[in-house]
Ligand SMILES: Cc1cc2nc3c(=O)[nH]c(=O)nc-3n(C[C@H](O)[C@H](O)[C@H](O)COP(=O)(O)O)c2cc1C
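What follows is one chain in structure tokens, specifically the form predicted on its own.
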């Protein structure tokens, strides 16, 4: 079984990447082959609305027709036995690269038919990992729950199943004194990094194990 994790953060060694790495460790412990890729390494744009993926009888029906740096990753994602997408929340949404990737990956499989049925040829387990600077209590007030549920719904509709993991009130900087961020309590952030984030990593590890064992 092959599990692909996609890091939608520009930071390759921070919260999102760490959570994805832990998920892949869990998957590997369950016997999966794993790979972590970083979207910011790729040169691409979002969907260009050419609709070639929906042209009946067209050579690109059911797949993105754009030939750019993302094409090999889209092909790899289509061949994977399970997918994990991780992203921080920026300005109340996924990062731009994550959103563009999801447009390019998901849209070709969703048809303009009643119920927007998927033509992805298999059912595979998937997961979304969201990490954010705000506390868990703010998720609903900021409507992040709607953001996450919308993305989860598209993943589930396309691939058949999608689990969500959220990590909240995350640690942004190694040294808060270097940045103008007086809205945050730096000591409280550091304590949470030490006490709570390891629990988030453990949850990610367990998520990876579940995905690996769900693959048939």
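Numbering follows the first chain given and starts at 1. These numbers were taken from a predicted model, which means no experiment stands behind them.
Unshown form predicted together with the ligand; subsequent notes refer to it.
Against the ligand in the model of the complex, the set 9, 88 and 133 is in full contact: each member has a heavy atom within 4.5 Å. Stretch-level contact check against the ligand in the model of the complex with heavy atoms at 4.5 Å: of 170-178, 27-35, 44-52, 151-159, the positive one is 170-178. For the chain shown alone, residue 92 is a contact residue for the ligand in the model of the complex, at least one non-hydrogen atom being within 4.5 angstroms. For the chain shown alone, residue 109 is not a contact residue for the ligand in the model of the complex, no non-hydrogen atom being within 4.5 angstroms.
Contact annotation: residue 120 falls outside 4.5 Å of the ligand in the model of the complex, judged by heavy atom distances. Taking the partner from elsewhere, residue 15 is found to have a heavy atom lying within 4.5 Å of the ligand in the model of the complex.
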